[in-house]
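Here's a solo chain for you in structure tokens, the form predicted alone.
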């Protein structure tokens, strides 16, 4: 064993680990962060696409106005300027409320781009009433049905011991299939990256209450304007180094060493032993148990982490020889495509010969391997391009220069009923051992906000054990008075 080391060892340089590191380093706690990859950011990563020589994100990451801790973290480390706040969303659906998704090519009924923005004078939760009322693809009866469903969802008390899926709850509320397909599915699958048949009622409630009903600006979307590698790379690394934190890239940890119920050190993959009394494990849930000894007091309580399931997210990257739309983004209704991000405009990449779009398909279980239902990657990409052509005729005239489909197979954890029983606290039964990651108990689904909150909670527990107690989490966003009255929030 090496010499006695008073530093806190953080394993993992993703958003949870970075939050721990920044929080503790800012308070003068000595830090050594070990990341096995050659970069920081974890799953929020980019790679160079060889043909285009562009850095492209492995998976699109966005924040929302309700993500208070993540947004504060970005301000703290100096990256908040690299986000574009969208105060208007664009929902693309048929221009009428009939069943089925018609296109101008099939029935002469064109798509309509629906602008979705808050009223400038109505208070929450009525601020989005005109936006919902203006959706072309829902009838007035369906909008009233939707309003009843949202009100009931906001007011219901969820029994976590007998929690239904969102699909089951919507059936109980007699929400029509058209409303389910064109609203509930559109919002929830993209927000939680799971199908309605697997989403728990409580997490669906979280999305709508915190995102749409609690406060005026919570629904707004924040989109990174630079590749994720740049977002979580040099700026944060320099900040940590300025605080005398040590960051070791391409240095993997093989095992946390535990003796007599307490942490005594870590062993690196190269065999080096480092003595320490406190370790924060901030890696994906699939890797957690592999870092611990086969037997120690407290391992049994962590074993349920293995029951946490994951969900995939697929991105289709497209480069055309001309611009097919000036919109910065779009949300698709009743399509394979779910979100379009106009990366050329968002990233302000000026080019007269190449225009880059990223299409996101969340909960892409049926696009993986043998589950593609007989479709190759080429056919899936062709289906996405065809959907774009149906919405924007310019795409039919454009030449597709290059395309690439990327699937993050374990992008997020599945928010199935019962998931909260599987998510451990950031403090463990082992003295000096803490956990961080969006999969730990945060009250949030698999989001950047959840990752930051987990890092803050781990740091909070560690500071408490150092007899330096401090409350690190912000108070919940102020709830509008009318929202309190209508929904008992």
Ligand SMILES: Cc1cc2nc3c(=O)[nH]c(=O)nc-3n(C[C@H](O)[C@H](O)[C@H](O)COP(=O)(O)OP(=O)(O)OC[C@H]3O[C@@H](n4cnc5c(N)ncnc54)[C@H](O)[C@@H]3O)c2cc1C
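Predicted model, so just to flag it, every value in this text is computed and none were measured. Numbering follows the first chain given and starts at 1.
From this point on, the text means the form predicted in complex with this ligand, which you will not see here.
> Among 24 to 32, 416 to 424, 456 to 464, 42 to 50, which stretch has residues with heavy atoms no more than 4.5 Å from this ligand in the predicted complex?
Within 4.5 Å of the partner lies stretch 42 to 50.
> At 4.5 Å by heavy atoms, is each residue in 252, 282 and 446 next to this ligand in the predicted complex?
Every residue of the spot touches this ligand in the predicted complex.
> Which pick from 269, 151, 303, 88 sits with a heavy atom within 4.5 Å of this ligand in the predicted complex?
Only one listed residue qualifies here, and that residue is 269.
> Note which of 333, 391, 318, 313 lies within 4.5 Å of this ligand in the predicted complex, where distance is taken over heavy atoms; exactly one does.
So the residue touching this ligand in the predicted complex, by this definition, is 313.
> Answer with yes or no whether residue 54 is in contact with this ligand in the predicted complex, where contact means some heavy atom within 4.5 Å.
Flag for residue 54 set to no.
> Does any part of residue 433 reach within 4.5 Å of this ligand in the predicted complex? Heavy atoms only, please.
No, residue 433 sits far enough from this ligand in the predicted complex that none of its heavy atoms falls within 4.5 Å.
> Quick check on residue 15: any heavy atom within 4.5 Å of this ligand in the predicted complex?
It does: once this ligand is placed as it appears in the predicted complex, residue 15 has a heavy atom within 4.5 Å of it.
> Do residue 66 and this ligand share at least one heavy atom pair within 4.5 Å in the predicted complex?
No - in the predicted complex, heavy atoms of residue 66 and this ligand never come within 4.5 Å of each other.
> Though the partner is not shown here, which residues of 53 to 76 have a heavy atom within 4.5 Å of this ligand in the predicted complex?
If the 4.5 Å heavy-atom criterion is applied to this ligand in the predicted complex, 53 to 76 yields 59, 60, 61, 62.
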